[in-house]
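One chain comes next, on its own, written out as structure tokens in the form predicted on its own.
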Amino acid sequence: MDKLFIPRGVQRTSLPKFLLWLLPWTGLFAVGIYAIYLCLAEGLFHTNMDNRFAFGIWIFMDLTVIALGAGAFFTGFLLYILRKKELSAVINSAVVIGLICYSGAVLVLMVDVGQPLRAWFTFWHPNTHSMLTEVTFCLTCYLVVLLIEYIPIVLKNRKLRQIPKFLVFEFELHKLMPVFAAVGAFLSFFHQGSLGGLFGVLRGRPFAFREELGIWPSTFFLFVFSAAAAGPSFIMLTTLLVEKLTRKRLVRSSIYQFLGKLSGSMLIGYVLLKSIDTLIWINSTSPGNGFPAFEFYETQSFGTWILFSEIVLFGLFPALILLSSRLRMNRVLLFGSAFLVCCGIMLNRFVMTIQTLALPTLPFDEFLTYAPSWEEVAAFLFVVAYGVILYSLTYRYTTIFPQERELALGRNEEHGELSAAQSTDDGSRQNSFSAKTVNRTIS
């Protein structure tokens, strides 16, 4: 029965091996469920957060996975709106990754609020002056869009395609993908930006406060650019990881080159804006609020090295490599740069959440320290386990990578041609040997 659901023309591991692969992730999933139960049933005292340190590992990782999942909206926008056909090879994978990241982030936010039964308050009693209201609406709507984009991937399963109604529904839904891609790009632009704008309007936190560009603080645009730069790099890394685990070629090398160039182009723009923003903050914004900027870097754990790492090591350096066609040909440099891009986004989200709250803002304030509890870590690892399980099931029973079958057939044909050539060569040698034997006998 399992083999009947596997797509034609591709190879998958046996069912026992697949279940063995899922076993540890299922265990991690169960531990996360227990941690979530403790937080919701008994209270948030299971966490190490309090009223002073309200943003912990959950918010930091939420911002990170939402940024890394931005490849879904950015890839969809480029493919369906700007007609970049090269991205059709990874669009399904981008949708699955986006769905995992966004649904996982929403789930952790429900645990972070502590009262998921009152989640509807945000929609029924919205605070129209809060950027979090915009984030909530856009995040929820885009999650619905991702679910709609995920449905055609599931319906392409060969057993489901045998049902006429499902086949017609999948065909009609596929024609609407440009509309959903445009809506998704619109929603993602605002919720990615509002997540950054949330920190930029915190006047009580001079380390994060920024001047406005129009009606939004500069962090609004920085978050959008950084997410667009990280999305393609994360797609590259996840695709490479799946190739290593399955020992198959899933996309052509030109796809990696295109994604690398795309990520580098967005990253160099982000680095430029980030550098300008930082210079303005150091020379104008922070001193204007009565705080010399370098006072925020006097703590050894948050020294100027962290600013250098974010802008130069994880920003400018990989951007220059990804923009060079010659350097991109080196797979080590290509994927290494993509890894640095993702690390840079994680560092940026860490700085905006953890460092912003840890630094004192009043003379009598102390430097705050925070370490997550095991319940916080387990709740986030639950999202990781959930993502691995969903991606594994989708990869096994649907066609995530359209080029997989073509590349597999090409390899088989190549082996077939080599075997035929060897057979022909062996046959000609045998005929030649037989002819020589006959001539000697006649002589």
Partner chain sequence: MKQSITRRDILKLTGSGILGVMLSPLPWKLLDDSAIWTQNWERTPKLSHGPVTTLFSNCTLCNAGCGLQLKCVEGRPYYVSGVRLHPFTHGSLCARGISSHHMAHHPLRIIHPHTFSGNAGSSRMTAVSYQDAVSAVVQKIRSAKGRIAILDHQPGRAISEVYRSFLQETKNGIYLTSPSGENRTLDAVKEMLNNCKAELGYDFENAKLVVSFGAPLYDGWGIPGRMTALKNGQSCKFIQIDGDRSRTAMQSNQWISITPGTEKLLALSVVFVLLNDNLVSQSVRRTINDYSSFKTAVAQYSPEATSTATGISAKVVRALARELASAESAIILSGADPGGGPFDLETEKIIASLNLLIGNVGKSGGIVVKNNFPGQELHTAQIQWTSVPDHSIEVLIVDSSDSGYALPWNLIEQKLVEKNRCIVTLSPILNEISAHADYLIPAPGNFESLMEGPAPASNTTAVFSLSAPVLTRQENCVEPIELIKELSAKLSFALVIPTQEGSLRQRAETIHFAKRGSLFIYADQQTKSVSDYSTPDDLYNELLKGALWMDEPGKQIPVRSMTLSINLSPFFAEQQGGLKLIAYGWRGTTSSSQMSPIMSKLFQESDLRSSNGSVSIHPETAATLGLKKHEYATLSTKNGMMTVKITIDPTVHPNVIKASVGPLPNGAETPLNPAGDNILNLCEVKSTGTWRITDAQLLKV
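Numbering follows the first chain given and starts at 1. Note that the structure is predicted; figures quoted are calculated from it, not measured.
From this point on, the text means the form predicted in complex with the partner chain, which you will not see here.
- Task: Let me know the one among Arg118, Lys84, Arg331, Arg249 whose heavy atoms come within 4.5 Å of the partner chain in the predicted bound form, would you?
- Result: Spelling it out, the residue with a heavy atom inside the cut-off is Arg118.
- Item | in the predicted bound form, the one of Phe189, Phe166, Tyr80, Trp281 near the partner chain [non-hydrogen atom within 4.5 angstroms] | The option sitting close enough to the partner is Phe166.
- Interface segment, criterion being heavy atoms within 4.5 Å of the partner chain in the predicted bound form, picked from 109-117, 237-245, 257-265, 94-102: Partner-contacting stretch among the options: 109-117.
- Interface residues of 354-377 toward the partner chain, as seen in the predicted bound form [heavy atoms, 4.5 Å]: Only a single residue, Glu366, comes within 4.5 Å of the partner.
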